[in-house]
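There is one chain below, alone, in structure tokens, taken in the form predicted on its own.
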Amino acid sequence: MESNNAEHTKIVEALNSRFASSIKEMGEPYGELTISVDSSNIKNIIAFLASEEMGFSYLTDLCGMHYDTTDELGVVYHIHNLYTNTRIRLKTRMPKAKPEIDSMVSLFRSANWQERETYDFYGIIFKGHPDLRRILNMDEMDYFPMRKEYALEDGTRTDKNDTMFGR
């Protein structure tokens, strides 16, 4: 991957020297270094990036994804090096039949609630999470509402008629 950013080049070289077999794809869409990695090694990769050597000490966000074209779920991590003002996006996928990935709570305390929210909406199980339970939805829910398995609208509604909206 060619990079116009010297910091990105340094990061790519460091990751390739240690984790080449776990890296699936790299790119810079919209100028942000984006790396797709194998889910089985995601914690080691993020731990390396969070190390003093690399300086990515802030987990900005993590979120779930559901790929409806494949039978996979995914997690996207956004981490930030506050000293160099460099951001990285890490993506990983896992089969929907076994949606498990290592928890990042031991690396970033902010991952606690973010992982709980991702579990609550996508059903992704974060192995090693200290308290993985629903955070926003009711405990009685037996489904995960952000998966693309459900109709966007309730076809049985009688209060919604297209003629009311000029159609």
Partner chain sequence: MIESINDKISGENYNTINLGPTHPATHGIFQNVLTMDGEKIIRAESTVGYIHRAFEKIAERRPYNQITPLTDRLNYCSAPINNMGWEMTVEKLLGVQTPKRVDYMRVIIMELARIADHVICNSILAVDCGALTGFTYIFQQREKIYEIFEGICGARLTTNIGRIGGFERDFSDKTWKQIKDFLVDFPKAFREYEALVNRNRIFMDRTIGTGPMSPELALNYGFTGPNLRATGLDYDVRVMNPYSSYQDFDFTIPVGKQGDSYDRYMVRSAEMWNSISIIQQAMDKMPEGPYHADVPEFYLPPKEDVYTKMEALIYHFKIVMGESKVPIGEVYHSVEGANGELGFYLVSDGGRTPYRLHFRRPCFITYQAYAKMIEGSVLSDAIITMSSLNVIAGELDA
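Positions refer to the first chain, counted from 1. Owing to the predicted nature of the structure, the values given are computational and were not obtained by experimental measurement.
We do not show the form predicted in complex with the partner chain, though everything after this point is about it.
In the model of the complex, the partner chain stays beyond 4.5 Å of every heavy atom belonging to Lys127. Not displayed here, the partner chain is kept clear of Asp38 by more than 4.5 Å at the level of heavy atoms in the model of the complex. For Lys98, no non-hydrogen atom is located within 4.5 Å of the partner chain in the model of the complex, even though that partner is not displayed.
Taking the partner from elsewhere, Asn44 is found to have every heavy atom lying beyond 4.5 Å of the partner chain in the model of the complex. Contacts between 103-141 and the partner chain, taken as any heavy atom within 4.5 Å in the model of the complex, involve Leu107, Phe108, Arg109, Ser110, Asn112, Trp113, Gln114, Glu117, Phe121, Tyr122, Arg133, Ile135, Leu136, Asn137.
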